[in-house]
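Heads up, the chain below is alone and in the form predicted on its own; it's given as structure tokens.
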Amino acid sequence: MRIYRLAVEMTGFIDNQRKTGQKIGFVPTMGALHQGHISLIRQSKKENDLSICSIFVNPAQFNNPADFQKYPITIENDINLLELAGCDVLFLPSIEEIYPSQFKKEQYDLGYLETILEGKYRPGHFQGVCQVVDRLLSIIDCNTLYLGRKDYQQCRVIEKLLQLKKYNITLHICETIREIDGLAMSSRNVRLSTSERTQAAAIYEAFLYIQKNIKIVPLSDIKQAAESLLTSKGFKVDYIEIANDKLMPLDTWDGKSAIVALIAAYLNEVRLIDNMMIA
């Protein structure tokens, strides 16, 4: 696996591959890799000649500087996992490489997507996400971008970014990879204690409750019951929402259209987010 740390070297390599007609898949990450990330690499390898991963912990998308400082860094293990998965190239830039002194911040018109759910609870977060993804895509000229469904709102935000900047890139949203008890794999899970890790499975239980009762219980009552389930397991809930596939929150459901349930909740100091297509 090749490793590049400089944008000019990464871009030069990509340009050479483009000249030979190579089809390129790209998986952007913040490291602390797990099998969810690796599933994206494997999907890319099925569909492309070349699969590239980036690891960059983006300070621009952290509302709380303490969260940025606590984000797990596991570079040696990450490199090992990528090599085992057959990743072709790793882009491993510094903060100065992504945000050089001449870098100019851009304001992205994300509409309602940055005013609801994560946008409401983490103001400015999605501007930071767009800032780094836009910068990475200016360096890594790929055919297909691979994202995990666990961060569903982020997927929709990046979809909007691709439209706004007119990138000729296909967005491939891959299914969430879960642990045996249903907990979505996440880099934040490593911060859970043994007892918290057991408690965390309640998020999946809440989704199963919603799925089971969606056709027989009003949405407001379902959300309230799901919140009670989580608070009884020690969670502090930011939101439990039921929305259409474009993330417009719903008060009622017609029983036919696609809907997604979304949860964000704290287990002590660790904030977990997840979602599930319910119908």
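Counting begins at 1, following the sequence as shown. Every value quoted in this text rests on a predicted model; they were computed, and no experiment measured them.
Just so you know, the form predicted in complex with a small molecule exists too; it's not on screen, but the next bit is about it.
Residue contact check for residue 90: none of its heavy atoms lie within 4.5 Å of the small molecule in the predicted complex. Heavy atoms of residue 119 never reach within 4.5 Å of the small molecule in the predicted complex, leaving it off the interface. The small molecule is not shown here, but in the predicted complex it comes within 4.5 Å of a heavy atom of residue 176. Looking at residue 147, you'd find a heavy atom of it within 4.5 angstroms of the small molecule in the predicted complex. Considering the small molecule in the predicted complex, the lone stretch of 198-206, 92-100, 147-155, 130-138 in range is 147-155 [heavy atom distance within 4.5 Å].
Contact with the small molecule in the predicted complex, defined as a heavy atom within 4.5 Å, holds for exactly one of 113, 185, 81, 169, namely 185.
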